[in-house]
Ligand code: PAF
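First, one chain by itself in structure tokens, the form predicted alone.
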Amino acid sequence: MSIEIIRDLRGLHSSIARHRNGPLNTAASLAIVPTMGAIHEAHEALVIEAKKHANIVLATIFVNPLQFGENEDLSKYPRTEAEDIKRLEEKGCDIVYIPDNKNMYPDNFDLTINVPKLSSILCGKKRKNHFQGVATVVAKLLLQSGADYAIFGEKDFQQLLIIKSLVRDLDIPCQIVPIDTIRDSEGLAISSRNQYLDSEQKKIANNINIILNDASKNFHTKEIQETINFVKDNFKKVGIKKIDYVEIRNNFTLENINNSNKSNARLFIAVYINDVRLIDNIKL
């Protein structure tokens, strides 16, 4: 059966019901892969992982206005629907849900979901209300689909922990499945933003993962601040002039760690190469 393209909630429910009660009338499991489109290799890896967990794979394409800040241009976000659908179908996706704004946020919609402790640090410091937008749309998609599994990448590690938290605290019966950060052949974490890098900027960006791995090698023999300074100094040496943050936090809670207990540490960074903001992280 070819991929189904669904654009409204009633159609989504009908499609899922047909798939769940297929020819053998068995209750099939469903995995969801939420995206904002501009499908790339990392999204494809999420679909491949979803197929390992469930009988039905649902991908969503929705450029969520709630997660864009004042200085982030929603209108410039890449929209490549036809190519996106083709790539998702080639990886074995069964349903693609492409709602418009009115389907997701009807008139008089007046609710946001906030996970304040996890959302107020790292990317949340500068991107005000970003994670409220993420939490709100993900909660809606999980509830709309009734998915048994949802697949997310570790590149957006803060987002992953926020989604795990909201699923736990709202008793949403969906298992969150993380996958490792997908990287290109040069080690750069794959992101829709990478397409905005020219060849020279890409060469600079390729150093990010190298520097993070170098920092990881001797982490347990150094003070925490030494590792942070090492990363910042080496970023500047390779031409990364604007650093948003370099922080080391607990892998499970995102709390600060200290030199007396450096277990479960993860290094988080956000930098700008010209106007392109890139994030990455590594378990130390």
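All figures in this text were calculated on a predicted structure; none of them were measured in a lab. Don't overthink the numbering: it's just position in the shown sequence, from 1.
The protein also exists as the form predicted together with pantoate (PAF); that form is not presented, and the subsequent description refers to it.
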4.5 angstroms heavy atom contact with pantoate (PAF) in the predicted complex for Ser216:
no
Heavy atom of Ser119 within 4.5 Å of pantoate (PAF) in the predicted complex
no
Flag Gln159 as yes or no: does it have a non-hydrogen atom within 4.5 angstroms of any non-hydrogen atom of pantoate (PAF) in the predicted complex?
yes
Whether Phe152 contacts pantoate (PAF) in the predicted complex should be assessed with a 4.5 Å heavy atom distance threshold; does it?
yes
Counting only non-hydrogen atoms and a 4.5 Å threshold, tell me whether Met36, Val134 and Val137 all contact pantoate (PAF) in the predicted complex.
yes
Can you say which of 62 to 70, 49 to 57, 242 to 250, 226 to 234 gets within 4.5 Å of pantoate (PAF) in the predicted complex, counting heavy atoms only?
62 to 70
